[in-house]
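Given as structure tokens, the chain that follows is alone and in the form predicted on its own.
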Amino acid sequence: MMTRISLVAAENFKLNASTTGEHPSSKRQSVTGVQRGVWNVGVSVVLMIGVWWLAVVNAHAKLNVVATTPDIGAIAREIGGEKIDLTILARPTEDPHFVDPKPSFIVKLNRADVLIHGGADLEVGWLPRLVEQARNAKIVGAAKGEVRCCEGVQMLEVPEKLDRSGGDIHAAGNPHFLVDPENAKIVAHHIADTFATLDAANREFYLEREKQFNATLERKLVEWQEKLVSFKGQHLVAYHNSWLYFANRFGLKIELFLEPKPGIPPSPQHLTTVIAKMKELNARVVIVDPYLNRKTADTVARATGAKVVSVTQFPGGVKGTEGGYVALMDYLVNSLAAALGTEK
């Protein structure tokens, strides 16, 4: 059967050659040339489709952003909107000094395009080790993907020397600076600049979002200051020294703390001193964060006739603050104005 087919093919081949006047090798070269041309066109088309597809993917790819705390994350969301995928490591009810370093955080950091952190050692107890294990060159050192929020902020309570006898102090100064809206503007600028650099295609989007966020803060700041201006100079008591920047911005005095030193649990002797000082200063409001001991604050309040106000530095830490940074500040200002306004 194979022999018969071969003979037929041979005869046909000779017939074609005789009728066309072409040598068999010439025919073969012509066919090969056509095939090569078709192949080249095909490769070009595939390459063009590939380039187009990569452009489409890149145009729709989101920046992978990791923020250490919910206040920083809230500002990142204001600037990045739908152009970013955001992960926030600390929970809003969690003490930012002592976040549980979960293994999943390492994976998130390994895949991050941007890491946004306070930069003033607030997260020093847990973040550096996670970043080291993540092995992501995009978010360490002088990398474009690392945002240190404290840069440009006028840091307060910078220690002249580091001495553990002073309690939990930070070399860069008091790290709780984001409860001052003016500092939030600085942080927003850092974030917008980084996003615009890493995602140039959406540069104008990020810059416009920053502009809108700042405009909202400027408008709201006037409102917030008006609500608290009549209480200027009044004393409040805090559990932990994390409200210095808030007090300075709104003219309040928060200089008395339930902790004898930052990070040191209250002792009965210290609380006795606090109660006496509160009566002397006519301090009638005690503020306490969700991760601190509310019972201690209640005990002091009963002894002085003061009112305890639940506060938080993080959106979502207290009911009514879930809407973001502006909602957080609204809650803080309104709650304290109400408490101070009902003083006896």
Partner chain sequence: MKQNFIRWSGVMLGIGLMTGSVVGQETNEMEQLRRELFQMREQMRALEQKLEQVERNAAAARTELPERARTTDVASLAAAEKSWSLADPIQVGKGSAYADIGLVATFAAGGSTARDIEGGTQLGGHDPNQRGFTLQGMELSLQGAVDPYLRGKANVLFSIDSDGETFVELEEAWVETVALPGNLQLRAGQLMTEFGRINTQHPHSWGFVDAPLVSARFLGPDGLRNPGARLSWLAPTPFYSELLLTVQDSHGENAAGFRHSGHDHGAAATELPFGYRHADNDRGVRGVGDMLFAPRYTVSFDLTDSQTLLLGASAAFGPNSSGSSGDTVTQIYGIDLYWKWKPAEAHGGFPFVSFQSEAMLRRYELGAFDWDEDGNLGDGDGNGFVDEGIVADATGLLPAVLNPERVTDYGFYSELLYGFRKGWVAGLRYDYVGGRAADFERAGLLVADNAGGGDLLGRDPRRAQRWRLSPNLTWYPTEFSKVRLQYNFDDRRSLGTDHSVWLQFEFLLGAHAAHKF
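Residue numbers count along the first chain shown, from 1. Since the model is a prediction, treat every value here as computed from it, not as a measurement.
Not pictured, yet referred to below: the form predicted together with its partner chain.
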Counting only non-hydrogen atoms, choose the one of 205 to 213, 269 to 277, 107 to 115, 227 to 235 that falls within 4.5 Å of its partner chain in the predicted bound form. 107 to 115
Proximity to its partner chain in the predicted bound form, single hit among 84, 140, 244, 221 (heavy atom within 4.5 Å): 140
Heavy atom within 4.5 Å of its partner chain in the predicted bound form - the one residue of 198, 172, 256, 217 that qualifies: 172
State yes or no: in the predicted bound form, is some non-hydrogen atom of residue 153 no more than 4.5 angstroms from a non-hydrogen atom of its partner chain? yes
Does the 4.5 Å heavy atom contact test between residue 263 and its partner chain in the predicted bound form come out positive? yes
Taking its partner chain as it sits in the predicted bound form, is residue 125 in contact with it (heavy atom to heavy atom, 4.5 Å or less)? yes
I'd like to know whether residue 193 contacts its partner chain in the predicted bound form, with contact meaning heavy atoms within 4.5 angstroms. no
Should the three residues 98, 103 and 133 be counted as contacting its partner chain in the predicted bound form, with contact defined as a heavy atom within 4.5 Å for each? yes
For the heavy atom contacts within 4.5 Å of its partner chain in the predicted bound form, list the residues of 173 to 189 involved, in sequence order. 183, 186
